[in-house]
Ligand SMILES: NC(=O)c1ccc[n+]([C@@H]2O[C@H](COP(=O)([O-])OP(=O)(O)OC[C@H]3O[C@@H](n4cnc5c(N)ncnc54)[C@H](O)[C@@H]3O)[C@@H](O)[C@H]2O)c1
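In the form predicted on its own, a lone chain appears below as structure tokens.
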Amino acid sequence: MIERPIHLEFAHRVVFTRGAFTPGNEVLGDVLSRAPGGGPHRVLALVDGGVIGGNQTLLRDISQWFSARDGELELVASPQVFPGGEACKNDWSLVPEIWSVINEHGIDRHSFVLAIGGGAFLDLVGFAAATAHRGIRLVRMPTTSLSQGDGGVGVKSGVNFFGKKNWVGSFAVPFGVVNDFAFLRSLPQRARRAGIIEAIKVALIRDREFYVDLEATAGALRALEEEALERAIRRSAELHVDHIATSGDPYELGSARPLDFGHWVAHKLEQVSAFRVGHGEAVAIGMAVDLVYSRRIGLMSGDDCERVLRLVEAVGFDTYDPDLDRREGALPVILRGLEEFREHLGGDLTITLVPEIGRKVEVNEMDRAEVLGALAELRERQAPAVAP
């Protein structure tokens, strides 16, 4: 046997700005200029069609911004628009369509794919870019609060297959991530709010001080005040990147996945609701289930559990949804999420729980009777809010 260690080093860059394509804004240019080799760097821009409605001049602005940098950057074609939203991850035909555009315009491993859109769109384009030529440089420009603070700053991409989230996918560190806060202004309230829950999640598992700050600004976050929302997203992004860079397992070779606290319920709830329940809303409910479960088994204090549930509700999220009651035979469908979560990670079932604010533990089994008890508690908790 011949055995050698292979060490690769990547720079994970996340920058923040407003109005990336306004004249004089050099943030994106600074990111692209970090690539080795002489110019002009060739760029293919792919845009989430759902972003256009709230940003009517976006395609023109992209083209004009690149035209002003002729000789340094080359936009190989007009920005290409593709469908976005969770539905795009369920449409495999979009992957070869993106490959076809990459091939048509001669985009190679020294070129760039610039992906502008929400988290699902970034997942789709990221997978296509990671598999074309075995990997093309990708610059992500997340346009939602959820993707700016969580998924868009990660190293994963994927599309849904066999009715399961992210069954086909890849790990690849993006060349850069540009978080343009101006995009958040055009979002509907539901989409602007979604990123707050991922901020609460990462604070719960990594940073008690950040959690306290989120509590202190809960009213401003519920009102979606710009300053509070941007501060939460910035710190959420930083903590997510810190975890990826320092956890020792950025490509998830083990069975633990702490950044997915609350996600075993969330992924299944999204699926059984036919994605009526958005990712942020599903994570809020999934966290609530795991928090109440932890209190029921004596892992978390009742005071801490109630404190977190109140914050989740205070910033505008429900902690229960009727689709949790869907059944196959005698048991709720949601329990199948445990096995699907284990299968997706491989190895033993590993669920992240929070024994106290700012600290996490991993467990390798869940008492299904206590999970059902947690669901019943949350059903009762939600009942007053939905009673006529």
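When you see a residue number, it is the position in the sequence shown, counting from 1. For clarity, every value in this text was computed on a predicted model and none was experimentally measured.
Heads up, the form predicted together with this ligand isn't pictured, but that's what we're talking about next.
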Pick from 314-322, 221-229, 137-145, 295-303: which stretch has non-hydrogen atoms within 4.5 Å of this ligand in the predicted bound form? 137-145
Look up in the predicted bound form whether residue 46 has a non-hydrogen atom within 4.5 angstroms of this ligand, and give yes or no. no
Taking this ligand as it sits in the predicted bound form, is residue 132 in contact with it (heavy atom to heavy atom, 4.5 Å or less)? no
Residue 353: heavy atom within 4.5 Å of this ligand in the predicted bound form? no
Should residue 290 be classed as touching this ligand in the predicted bound form when contacts are defined as heavy atoms within 4.5 Å? no
Since exactly one of 84, 169, 258, 79 fits, which has a heavy atom within 4.5 Å of this ligand in the predicted bound form? 84
With this ligand left out of view, choose which of 163, 106, 188, 96 has a non-hydrogen atom within 4.5 angstroms of it in the predicted bound form. 188
Sequence-ordered residues of 104-130 touching this ligand in the predicted bound form, heavy atom within 4.5 Å: 118, 119, 120, 121, 123
